[in-house]
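One chain is shown next in structure tokens, namely the form predicted on its own.
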Amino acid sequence: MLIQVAPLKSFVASIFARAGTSEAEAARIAGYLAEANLVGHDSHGVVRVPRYIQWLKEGRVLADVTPEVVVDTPVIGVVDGKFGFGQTVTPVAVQLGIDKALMMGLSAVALRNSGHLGRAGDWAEMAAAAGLISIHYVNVQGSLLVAPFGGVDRRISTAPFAMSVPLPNRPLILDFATSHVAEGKVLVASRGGKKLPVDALIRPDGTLSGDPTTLYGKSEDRNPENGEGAIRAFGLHKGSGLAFMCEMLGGALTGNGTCGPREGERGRITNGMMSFYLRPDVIGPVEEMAARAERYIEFYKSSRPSEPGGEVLIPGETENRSRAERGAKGIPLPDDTWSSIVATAREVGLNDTAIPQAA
């Protein structure tokens, strides 16, 4: 089905508000989830609604948390998310880093104990909108999903990485999970969405798979703890190595804890994020940097396509096109994904009159 972004945001917000968040937080969560769909990152979009609501009911994530700034120097900050929704606590950490970098030229902010913080590219975009270069290393404490290069057992989280380079005409946003596919893409595939590459997952015997049940088993709730297989790291040893460093910076350094056996009071899965922010005008004139960047972009994209009708794309280009297309036509949602969201709405007490119709 196709649904316009505005009614989708309103519907999702009503689910969270009915489930126990404030209306402001509900609108914020819905906005970030729907925006992920808008830019084509369906794995971090509204497919997450049933899982978020389940976590809220179980107390794994807490509503309307005020994060605590536990370290606050002119250039370094540490933010404890207190197990609040990532869409609420992460903007606080990112804004802290932005403010420090605008003042000092450079900053570093560690975030720990955040609920699922959504699409890492959101935070790179937030920094770029403030005119800053940013780099973000993310880990997922308590989430074992990915097998390291050379192994079949789960030893890594999906460990997202993102960065931004602001240019006058367009921000350059790089955002990816260090796993072959994000866990959300396995979730989307399991709910009738785009199929996985046939080598995205690995079974305990070392054979490769594109079947979501390799990760989830036969469980209806898509719980990865019920599966025996793992997602593969991307790029062989390179992706595995970058994921390892995300665990070191986003997990060990921030105090969030690394993936693996759940630490402390957990039972919760939490995101940690180590972010660095740089004001480019401290390095040199922004206009000159932009001119050099645009010349290189033109050169980069001039490479002949490897396939007939293909195109060389720069970071963020696919997302920008998706935002324009889906903003005009509506957001496509597989029937299974939509059914699971509607079922969640009914579970929290919304009646059918609150359910929007297809575009």
Ligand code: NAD
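The structure displayed is predicted, hence computed values, not measured ones. Start at 1 with the first residue shown and count on from there.
In what follows, reference is made to the form predicted together with this ligand, a form of this protein that is not presented.
Visitor: Quick check: do 76, 254 and 275 each get a heavy atom within 4.5 Å of this ligand in the predicted complex?
Guide: Result no, not one residue of the spot touches this ligand.
Visitor: Ok, 111, 124, 140, 201: which has a heavy atom sitting within 4.5 Å of this ligand in the predicted complex?
Guide: After the contact test, the surviving option is 140.
Visitor: State the residue from 177, 156, 215, 246 whose non-hydrogen atoms include one within 4.5 Å of this ligand in the predicted complex.
Guide: Going through each option in turn, the one that passes is 177.
Visitor: Would you mind picking out the stretch of 324-332, 37-45, 58-66, 286-294 that comes within 4.5 angstroms of this ligand in the predicted complex, counting non-hydrogen atoms?
Guide: Of the options given, it is 37-45.
Visitor: Would residue 316 count as a contact of this ligand in the predicted complex, using a 4.5 angstroms cut-off between non-hydrogen atoms?
Guide: The answer is yes: residue 316 has a heavy atom within 4.5 Å of this ligand.
Visitor: Residue 222 near this ligand in the predicted complex, any heavy atom under 4.5 Å?
Guide: The answer is no: residue 222 has no heavy atom within 4.5 Å of this ligand.
Visitor: Are any of the heavy atoms in residue 90 no more than 4.5 Å from a heavy atom of this ligand in the predicted complex?
Guide: Taking the distances in the predicted complex, the answer for residue 90 is no, it never comes within 4.5 Å of this ligand.
Visitor: I'd like to check something about residue 160: if you look in the predicted complex, is any of its heavy atoms closer than or equal to 4.5 Å to a heavy atom of this ligand?
Guide: Yes, residue 160 sits close enough to this ligand in the predicted complex that at least one of its heavy atoms falls within 4.5 Å.
Visitor: Check each residue of 114-140 against this ligand in the predicted complex and list those with a heavy atom within 4.5 Å, in sequence order.
Guide: Counting only heavy atoms within 4.5 Å of this ligand in the predicted complex, the contacting residues of 114-140 are 116, 117, 118, 119, 120, 121, 140.
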